[in-house]
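Have a look below at one chain only, the form predicted on its own, in structure tokens format.
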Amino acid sequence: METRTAHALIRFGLGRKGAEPLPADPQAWLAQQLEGPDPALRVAGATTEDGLLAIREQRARRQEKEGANPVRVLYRAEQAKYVANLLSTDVPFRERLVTFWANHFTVSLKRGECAATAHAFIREAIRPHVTGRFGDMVLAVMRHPAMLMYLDNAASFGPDSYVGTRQRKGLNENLARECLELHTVTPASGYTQADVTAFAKVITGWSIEIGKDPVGYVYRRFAQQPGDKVVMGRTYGEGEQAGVALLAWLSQHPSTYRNLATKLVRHFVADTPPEGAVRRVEAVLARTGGDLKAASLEITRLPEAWTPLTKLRSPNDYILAVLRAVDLPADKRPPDVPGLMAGLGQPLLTAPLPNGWPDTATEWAGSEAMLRRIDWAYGFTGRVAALDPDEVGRLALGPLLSQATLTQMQRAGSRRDAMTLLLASPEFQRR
């Protein structure tokens, strides 16, 4: 394996899957993964409608205090499909991008009922747009019931709307605030609290129907704040299309492109994004009107993207890389991979705050956290005692496997100890 190939598999992918064939041209391999529709969408999965109906059923059962929790049943089935795809996918770069954008637009299970639609959110609002335009992704995200539920916009009413005045219900600014602060322009654009409030008023009426059919996204005209609203110097009137126009403008704002470029380079290249690399990706986004495929390809062309690996794998990245490296048959894998992720501090789709999981080493490299990884690695190697640690290391890391680690492995007292040393080695922790 050449060094450039190893970098493609690890920096841009999820780690090599056993002895899978190596790409002849790493950069062409990465580009090919972004062609055509997402292969994961060919696998049937629960829809938002399925999730909302599960919530309706759960609420009814809660009142009657009987039966299994239908939301939990649905989520566990979808979670199993999601993890199985990460372990087996042949388009790991695309999956890394899906994970990146799902984290950028975090919907967390910290809000319990979000479990019903969290995977549908990824399938419907993220996957179709990973190689499309950012503006289309923003609109899909902002109108998806999972996001409207997570950030409370379904409970936001114009104070002067028909519903607001008669039922004394008011404005919730959560979705507007996070869209400005995290998803698009960031505070660097100079927006004010007045802009947050006006934005929240523009998207009043963007809601969810759960209680009656058909379930799903609904625009409630009688919940919208009447009159004009001024957001960042631009005036928006009434109606759903005012929100659509505002999101289209925000998605193409220079500060948005700067934000996205910085986060992409931080994720794939370095915790401290090189300024030149950020400017290159930012320029591509600006030139193409937010073409995410073009931006993703530009990252693979950055000289900085082919330098030695310095990023620390997050707990989820680490567990996936280990499981792909040993490439166990499905019936031999650990039965609860999400439980392993939670045990190392990163429960699946459960970021503590709307800004998602951190993307820098300082957040994951504490001494206790690293000791947990070593303890987990030792416990896990009991499952793979028949595998040759040297062979696993050669296949997974190629030229990145250091002589120091090889020497320590060869001096180990047992095959299990050698495998533990490999999985706990500095090079296996990096991406």
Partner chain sequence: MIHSSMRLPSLALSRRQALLGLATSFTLGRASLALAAAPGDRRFVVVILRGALDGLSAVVPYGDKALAALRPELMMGQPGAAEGLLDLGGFYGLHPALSGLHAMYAAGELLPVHAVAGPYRIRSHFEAQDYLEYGADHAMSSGWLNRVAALMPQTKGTTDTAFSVGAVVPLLLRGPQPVGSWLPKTFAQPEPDLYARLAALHRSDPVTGPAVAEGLKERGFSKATLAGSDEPANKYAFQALCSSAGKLLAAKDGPRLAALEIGGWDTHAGQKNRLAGPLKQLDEGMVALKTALGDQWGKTVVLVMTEFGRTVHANGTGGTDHGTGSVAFVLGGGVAGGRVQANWPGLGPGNLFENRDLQPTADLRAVTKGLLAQHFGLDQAALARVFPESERAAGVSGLLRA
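Residue numbers count along the first chain shown, from 1. If you're wondering where the values come from, they're calculated on a predicted model, not measured in any experiment.
One more form of this protein, predicted together with the partner chain, exists but is not displayed; see below.
Is the partner chain in the predicted complex close enough to 12, 24 and 84 that every residue in that trio has a heavy atom within 4.5 angstroms of it? No, the whole trio is out of contact, none within 4.5 Å by any heavy atom.
Is there a heavy atom of residue 431 lying 4.5 Å or less from a heavy atom of the partner chain in the predicted complex? Answer no; every heavy atom of residue 431 is more than 4.5 Å from the partner chain in the predicted complex.
Consider residue 386 of the chain shown here, and say whether it contacts the partner chain in the predicted complex, taking contact as heavy atoms within 4.5 Å. Yes.
So in the predicted complex, is the partner chain close enough to residue 43 to count as touching (4.5 Å, heavy atoms)? No, no contact at 4.5 Å.
Touches the partner chain in the predicted complex: residue 29 (any heavy atom, 4.5 Å): Although the partner chain is absent here, residue 29 would stay clear of it in the predicted complex, with no heavy atoms inside 4.5 Å.
Going by heavy atoms within 4.5 Å, which of 257-265, 234-242, 201-209, 324-332 lines up against the partner chain in the predicted complex? Of the options given, it is 324-332.
Among 382, 399, 36, 67, which has at least one heavy atom within 4.5 Å of the partner chain in the predicted complex? It is 382.
Contact set, 401-415 vs the partner chain in the predicted complex - heavy atom within 4.5 angstroms: Sequence-ordered list: 404, 405, 408, 409, 410, 411, 412, 413, 414, 415.
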